[in-house]
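Only one chain is included here, represented as structure tokens and corresponding to the form predicted on its own.
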């Protein structure tokens, strides 16, 4: 599930095709709540089916019901959030316990919610962490699957923090997914 450019989705798709996720999982569909999410075009170019339920202009309950109904029809083994920028309703989380996985650009024990890289930069941290976790009903409070350190020594801009963080995210997310999928077998 994405809301934007889909850089983590692209890396995961590459690893499904010929990397550490090859042969252990398949991407059913790339879903977005935004019809103009750049990642949708990338997914289509890769031959991956896409689906959109636009959240803009819909009441929260209406959108959540539409999304839950669609997810139930798809019946995925796992739901991977890769830059999906809407908070999932408790009903969706309860329907798929320990089946929704997210990546967060901070140590979730220290910073939850948006702007993890901004937080690290503003606090002049020399290191931060990327966290992969199961989604629960709290905001970035779910059980941690894994964390990986991001070296921020010498960074001079928020853009550099984001660049270093995304490099770690792109490598680490697929590693954590492989771990989860192997444990399932």
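Numbering follows the first chain given and starts at 1. Computed from a predicted model, the values in this text were never measured in an experiment.
From this point on, the text means the form predicted in complex with glycinamide ribonucleotide (GAR), which you will not see here.
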item	value
Options 28-36, 113-121, 50-58, 145-153; stretch whose heavy atom lies within 4.5 Å of glycinamide ribonucleotide (GAR) in the model of the complex	113-121
Selected contact from 103, 79, 71, 93, since only one has a non-hydrogen atom within 4.5 angstroms of glycinamide ribonucleotide (GAR) in the model of the complex	103
Heavy atom of residue 166 within 4.5 Å of glycinamide ribonucleotide (GAR) in the model of the complex	yes
4.5 angstroms heavy atom contact with glycinamide ribonucleotide (GAR) in the model of the complex for residue 179	no
Residues of stretch 69-97 in contact with glycinamide ribonucleotide (GAR) in the model of the complex (4.5 Å, non-hydrogen atom)	82, 83, 85
